[in-house]
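A single chain comes next, written as structure tokens; it is the form predicted alone.
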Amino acid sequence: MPTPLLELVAVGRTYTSGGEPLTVLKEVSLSIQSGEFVAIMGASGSGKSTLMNIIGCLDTPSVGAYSIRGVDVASLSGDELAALRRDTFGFIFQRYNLMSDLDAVENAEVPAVYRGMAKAQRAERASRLLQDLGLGDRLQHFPSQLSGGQQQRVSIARALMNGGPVILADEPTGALDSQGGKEVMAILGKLHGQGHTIILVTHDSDIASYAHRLIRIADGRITSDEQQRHGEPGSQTQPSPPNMDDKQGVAVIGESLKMALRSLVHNRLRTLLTMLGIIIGVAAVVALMAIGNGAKQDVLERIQAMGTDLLTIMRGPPAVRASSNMVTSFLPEDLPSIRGVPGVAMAIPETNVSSLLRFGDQDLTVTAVGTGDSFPGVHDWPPKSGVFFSAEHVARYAQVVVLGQTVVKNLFPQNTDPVGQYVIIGSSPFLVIGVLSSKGLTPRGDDMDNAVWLPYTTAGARIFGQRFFNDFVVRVTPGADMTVVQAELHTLLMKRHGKEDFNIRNMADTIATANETQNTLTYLLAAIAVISLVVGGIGVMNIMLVSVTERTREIGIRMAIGARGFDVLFQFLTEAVMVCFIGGLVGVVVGIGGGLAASAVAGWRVIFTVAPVVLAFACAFLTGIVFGYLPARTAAQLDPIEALARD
């Protein structure tokens, strides 16, 4: 005798509900040969649906053994069971179990997606099956546009899609009128004639009469198993599955992308609200990083505008606050020695005091700077008009002054040339001999152009009333090692002063410190923005969990017709990633727009670079994977039977 197609030996099934065991099947033994038309008949609660689920590999026995073509089902993995459901069985459900957002062709072709059939091939096969079942004019209709009988025909086409030899029909006429029931049974009879093994579950004796073999079940036990008059089993040749290339991964990816887009479009408002957190997070990263980079560049340019190869020798020992007020040893006699240090190109003294400047009847508070004739060369700050004072002016205590751009703008009438005019500083008149070009703000926000410059000799005698200076500024010769020059200056001043009543600041160190500070602020802004992404990711996870709950029945249907756990996981993960992907794209656009708006409205400098954009987008993509994984895993681990039972 040939090996049975399906064989159950002493199978039992017990469920534990609320702590109390409930035995639904008891010692069921059954063999079914290829080509049989079997009806399993019993009252509601008799165990017939549980038996059908075990036969279809949707459920597993608690005791006993079940084999398909001699292979013990208990030895198969989850993916192997999914392959059995996909390639061996075709399911026809009482409630049709069609997916509401797919049309007739798309519903029929779903099993072929998990088989790896190419899109064009599965669409052509699904259309042909539906036409054979009398639905040629309903191919693009959705389930809500079809009658119950038409929906069941779509369900039959879906069961035939992969050419599986066994058709499992669970109360296929239960939701139909008598005429619709007869039409469905006629189709099943025709399929049996073509070689399919038909296993029918019903409580209706009229429906059971279509079968060649009738198995009665009551209280979880088989009470009778008899042949009916319609013929002998195993006389038909099994149908052959359709030819197809093994491109399962490509097909599943395409289906997942399509289903993800359909789901997002179907729930537009919810999708938009879910994306909002991702959009805000990505936009914040892009915009804030651009603003931070702009602010950083502004600060660095202002520092560099003062010269990058400068050493500033300041009064007071290092790390002693307010000590400069007690130091009076920075004297003109130090200048020749400082200028004589190897590697020193130029050196000037500087003393700054706030003073009142008057021209005509206008007064202005400015910073009066007593300095040397090399000031423009040291600071790369040439005159815009006129000249800077010379060494001769310094030597003869000349009462001349050079003005900054802000002073000229606020003190002199428009179109008035200040060069050649006299201004009063304190109580002394000074001849304006030049106007410097504009420098803008210091890193601290002070206006560098709201100042006037005088020979240090004149300033000490007429304005400050002191011979000593606040500091010396040294410009290092191009190519010289600033560290070596700094060490030489330190040694020189220690010898001259006998103590360390000074500290030397390297402009390169200042730039590095400013750069580090601005980077820290920029990264802080980015961290705040990333927090927005995390919050958005939590929103994505919550919405995806809701989606899994809403679509539990759909998940059960997909598992019943051959989807592996990985296929379900990948589909839901794809949806989460797509939400974040689209949100990331929109966020980049919004972030760039926000940065440009900040620049236009507030006058902030923004600098967009590729790295923050790529980083923000990558974070959004990873957010979809990280926060979408838990809902997707939850969906993949659902039990097919429990999922199908959900409304």
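Start at 1 and count along the sequence shown; that's the residue number. Being a predicted model, the structure only gives us computed values, none of them experimental.
This next part talks about the form predicted together with adenosine-5'-diphosphate (ADP), which is not shown.
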*Check whether residue 609 has any heavy atom within 4.5 Å of a heavy atom of adenosine-5'-diphosphate (ADP) in the model of the complex, and answer yes or no.*
no
_Distance check, residue 45 to adenosine-5'-diphosphate (ADP) in the model of the complex, heavy atom within 4.5 Å_ = yes
*Verify the contact flag for residue 10: yes if a non-hydrogen atom of it lies within 4.5 Å of a non-hydrogen atom of adenosine-5'-diphosphate (ADP) in the model of the complex, no if not.*
no
_If we define contact as a non-hydrogen atom of the residue within 4.5 angstroms of the partner, is residue 629 a contact of adenosine-5'-diphosphate (ADP) in the model of the complex?_
no
*Choose from 616-624, 22-30, 62-70, 586-594 the stretch whose residues reach within 4.5 Å of adenosine-5'-diphosphate (ADP) in the model of the complex, heavy atoms counted.*
22-30
*adenosine-5'-diphosphate (ADP) in the model of the complex - contacting residues of 395-428, heavy atom within 4.5 Å*: none
